[in-house]
Each structure stands twice: as C-alpha cells, then as structure tokens.
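Take a look at this single chain in structure tokens; it is the form predicted on its own.
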C-alpha cells in the first residue's frame, strides 16, 4: 500500500473515532413519564352484572341495564351474564368475578351476615344499590297431581331449584312451615327454571318451585301446553313464615297471570342489585343515577320491570348501601 493511501485511511479512521467520542459524550435526552392525569383513557371500565337463568326475569332486566350503560355512560361498559342466580351471585361478588349482581334480598342478608348457607364464608364486602320488585315463591303443580297446599308435596316428585340457589332456600323454608323437609318428598330434582319447566311439561315431576317475578317465561311456557295450578300457601303458614323470616311478604298471584291458571296466595321476597364495596364511588353514583334517569328502558325490558321505581328503590334493603348509591338517594331526598 502506498504511503499516500495509508495516510488517507488513517485520516478516515480518526474522523470516525472522533465522531463516536463526541456522540458518546452528549447528554442523553431525559425520558419524562407522562402525568397520569394527562394520559388519555383507553376506554370504559368493563363491569359484569351476574343475573340468572335466561328464561327468568333477572336476565332481561340486567340486559336492559347493560343497554342503559351503553347508551348513556362513557365510563362503564356493562355486560349481563347468565348465572346460577341468587346464592351463586353473592359468591361472585365475594370473589370479584362480577362487579354487580341481581339476587334476592333474603340471600343478600344471609351473605352479608355470614349465616345460613354462608356460615363461615360470608360476603361482608357486599353493598346494596337498590331493590327492584317482588319475587313470588311460585309452586307450580300439574292440575291432576292432587296438590292443594305445600303439605301435599310429601311423597311427590318435586323440582326445588339448583343446588345452592335462592329458590332452593325458599323451598326449604316453605316446607318447614308444613313440618316437611326434602327427605319427605318422593324425589328431589335440582333443576334450573327452564329444566324444571321441561320436567313439568313432560310429567317427570309433579311440581316445581320457582322464585321469580310474575310473568316468568318458564312458567308461561308450561301453562300454555299443560293444565297447571300455582299452589296456595295458607294464611296461618304465611304468618309463620313472615314472623320467622321477616324478609317475606304476603302476595296474591292474580288469575290468568299465566294462561288459564287461577288465583293463588303465596309469599314473596324482593329482587335487588348489589355490588362490591371496592367499586369506585363516582362510577357507582353514575350507574345508580343513570338507571333511574333512564328507567323507561328498564320498564320496557319485562312486565316486572314496570315495578322498578325510584320511590320503592330502598324498600326491603337488608344491607349497607354502597356510598355512591347512597349519595344519589340522598340527593333525591329518600334518605338523610
């Protein structure tokens, strides 16, 4: 290699090394974390509301609440999920597998206080949002089964609701009023509402317990193809139930609530909405306010939805309110 070429190559290397040194000595640009308050939200917070059987009333009501959230709330995306109903729903709140749930007020009371089926596994972090409508304990029986009152269920094949459901709990208590237990029945079937309707229609059970709002599709589907009755509970037994379990109330099921089914008398609990205590105050407030400010959407979801009103929103409330819901009802003058 000539001396001239060697010098040129050395010069190029020197320049490159110098540039690397200069670049390496420059102060790195400081990386500044964005202010959390200035970060754009990625979207609404996703909540789930646990409802019940698709053939019952909880599911369309929770679906209407989901619609209210979709149309009126930017901060919450609410998904209605079918579930095993009241008893299971309380546990979903405890495990945070659902943010909200619909269940019976008696079951909410048990779960909150850790008694009955929740002994040793209470859900004290459950909070109330609002109550909805009466849920009638309806014992649907084949008209030819000879069942005139719950005492006549002895020896019969009876569907009592899914294991651990609110329906099952009500069945236990109503039978207790007649000094009966499940052991006194001919057979016990733990079925969902739609399954119980199928069993009744096919004659595989003589009777079935349903704790649902009046007009439930599962019962109507049986009534239009089979002669059935809703078994009346006698007044003295109703009085005993109310005295022993004060969340019950006496209710009449009008004739033709279901096709061709005569009037009957029974007891009822109240459906209600609950949520976890950890739900943000502002979102709980917004959810509660939007439900009642768009109550026509709820009324249109099911006949029972028309019974949900602001004036009755705290009737039968058995547990502590969520502070966000409480703020809304304070502003409406319903509580101090």
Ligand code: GLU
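Computed from a predicted structure; not experimentally measured. Numbering follows the first chain given and starts at 1.
There is another form of the same protein, the form predicted in complex with this ligand; it is not shown, and what comes next is about it.
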Can all three of 85, 135 and 165 be found with a heavy atom no more than 4.5 Å from this ligand in the predicted complex?
-> yes
Location of this ligand contact in the predicted complex, chosen stretch of 206 to 214, 249 to 257, 91 to 99, 224 to 232 [non-hydrogen atom, 4.5 Å] | 206 to 214
Closest heavy atom of residue 287 to this ligand in the predicted complex, within 4.5 Å or not?
-> no
Does the 4.5 Å heavy atom contact test between residue 50 and this ligand in the predicted complex come out positive?
-> no
Partner proximity in the predicted complex: residue 57 to this ligand, non-hydrogen atom cutoff 4.5 Å | yes
